[in-house]
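As a starting point, one isolated chain is supplied in structure tokens, in the form predicted alone.
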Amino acid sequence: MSVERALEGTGNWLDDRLHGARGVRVLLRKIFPDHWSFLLGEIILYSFIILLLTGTFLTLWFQPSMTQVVYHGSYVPLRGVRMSEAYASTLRISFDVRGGLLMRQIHHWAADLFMAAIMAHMLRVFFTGAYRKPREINWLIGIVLFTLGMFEGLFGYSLPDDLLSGAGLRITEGILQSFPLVGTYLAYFLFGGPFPGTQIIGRLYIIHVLIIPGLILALVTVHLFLMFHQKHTQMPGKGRTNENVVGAPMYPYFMAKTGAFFFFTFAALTLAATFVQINPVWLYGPYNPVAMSAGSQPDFYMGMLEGALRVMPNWQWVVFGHTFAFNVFLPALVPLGIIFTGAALWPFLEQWITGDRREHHLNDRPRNAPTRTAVGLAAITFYGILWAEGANDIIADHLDIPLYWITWGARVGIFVGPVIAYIITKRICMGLQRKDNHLVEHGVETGIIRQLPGGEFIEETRPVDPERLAVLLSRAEHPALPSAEATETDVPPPGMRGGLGRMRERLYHVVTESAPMPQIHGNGHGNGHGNGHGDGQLAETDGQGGHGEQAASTAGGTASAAEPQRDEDSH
């Protein structure tokens, strides 16, 4: 029996019982656009898979217990020292288990890569407008994933029960205690008694290896399902529209490429774990509530919270014997609350301001949405100042700057910096738009100087190539809002009445501010109505007949796989 017949028989047997052949065919014909920024989402997925694999390995030897033991392991400097079983098992994994230290470091580097990739991916989605209808739910899922990743990282590096992780737990306890009225009870119940208690490591272990990974896995699954169902966004280019997806099919092109990229990611993490030391817990020693190491820093994604605590003035109230520690409560909740709440509301706020309820499958260039890009850079500036403030003692030591100068600079900078970043970024975007308009109207300079019969010297230009022209002309106009001002013959529509309507109209002019589109003659907009897609790519289009079957196109030797028709938006 040949291999082909064996596979065919197995496939028929499964299809007779599961009826999955049609779904598999649709999946294998799924078209994936090709752009480097889309790899960020794959890095998130692959680093999460690596976290699950290495985490499973580590759970075989880690002991989530705070029971005190005397260490007699391979690491000589700590022999005879009393420590928790959690810390002792971490040392055993690092020095006695074959490959244990490598797995620990791969796990830690993968966690950092996971968070870094989520941040970069969300910035890409925000700056290109990929969160717009119909992808608002996926945008909210991304915010929840980032929040869960922060807690997962915090609980993960707290498990070894070393001096550095204990300092993070001490801050966590302080934040819980800052909650008015109930804070003391919350901290007592979580730690199982007065700090550090006897149960916190075991409880964090269950949350770290079971609850949060389960939630992340579920949300990643929903995220991928929605992405497949709603089809991919794509970057502007020739032949790319809101009605198609230009790229390559899952089988065999994308499967081969993404499989190789998984091994590249694994290799990069392994190289980092091999040659770059991270979290050497044996240098810190076991946790001691009365000790604190100098220069202690959390992982980078928690740096903003550390900076917020350091920049906040010593502000607290004592009311009827109850202390309201605003110097801890506010920096723990307000900065990230501003960023996360603002990010979650932005798609709906932008839709309300612009009145744009169309489906968007073609991404914006960041320069073509100046206000959105400026708001994003302002948020990054706010985040970055607090992140740098989290290392104010190290900066002061290395640069020989008084610590309080840095602290006061951060206190001023978190208010002034975002405003400056907003203004500069918006002006840059407007300037880049005018540059694009100039290229469209006048062409590309060739460097050739020609003298006219009248003696005038001019520089010859050539037309912009069609691929680049399609990108330059990809800027879409926003739908116009009705005026909020009443006239003699009519009144404003319901959504534009009163002070709220006037505010919406003013915000509309701010959000939609752009350089006027250039006036050009003839076709050449690269709107996807020409022949072929070039480079043997495929185009996945919305079916016009609702059949969801494959359609062939002879132009340029390409094919398009038609998806089932979707109802048009009523707006």
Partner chain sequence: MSWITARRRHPAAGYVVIASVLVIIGTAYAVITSGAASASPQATPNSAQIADGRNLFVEECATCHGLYAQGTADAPSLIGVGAAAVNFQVTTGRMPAAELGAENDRKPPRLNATQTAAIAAYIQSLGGGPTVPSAAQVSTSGADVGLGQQLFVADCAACHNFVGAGGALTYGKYAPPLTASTPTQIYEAMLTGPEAMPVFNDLTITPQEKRDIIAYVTQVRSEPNPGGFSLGRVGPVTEGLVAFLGLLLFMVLAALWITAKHGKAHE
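Positions refer to the first chain, counted from 1. Note that the structure is predicted; figures quoted are calculated from it, not measured.
Only in words, not in the display: the form predicted together with the partner chain, which the text now covers.
Trainee: Considering the partner chain in the predicted bound form, which of T381, N363, Q433, T265 comes within 4.5 Å of it through any heavy atom?
Mentor: Only one option qualifies, and that one is T265.
Trainee: Ok, Y188, Y71, W387, F151: which has a heavy atom sitting within 4.5 Å of the partner chain in the predicted bound form?
Mentor: Answer to the contact question: W387.
Trainee: Is the partner chain in the predicted bound form near all of I137, G237 and E513, within 4.5 Å of a heavy atom of each?
Mentor: So, no: the whole triplet misses the partner chain.
Trainee: Counting only non-hydrogen atoms, choose the one of 177 to 185, 257 to 265, 337 to 345, 437 to 445 that falls within 4.5 Å of the partner chain in the predicted bound form.
Mentor: Result for this chain: 257 to 265.
Trainee: Looking at the partner-bound form in the predicted bound form, is W109 within 4.5 Å of the partner chain by any heavy atom?
Mentor: W109: contacts the partner chain in the predicted bound form.
Trainee: Is there a non-hydrogen atom of T274 within 4.5 angstroms of a non-hydrogen atom of the partner chain in the predicted bound form?
Mentor: T274: contacts the partner chain in the predicted bound form.
Trainee: Spell out, yes or no, whether the shortest heavy atom distance between D397 and the partner chain in the predicted bound form is within 4.5 Å.
Mentor: Contact with the partner chain, yes.
Trainee: Would H35 sit within 4.5 Å of the partner chain in the predicted bound form, counting heavy atoms only?
Mentor: Answer yes; at least one heavy atom of H35 falls within 4.5 Å of the partner chain in the predicted bound form.
Trainee: Within 4.5 Å of the partner chain in the predicted bound form, counting any non-hydrogen atom, which residues from 292 to 321 show up?
Mentor: Going through 292 to 321 in order - heavy atoms within 4.5 Å of the partner chain in the predicted bound form - the hits are M292, S293, A294, G295, Q297, P298, D299, F300.
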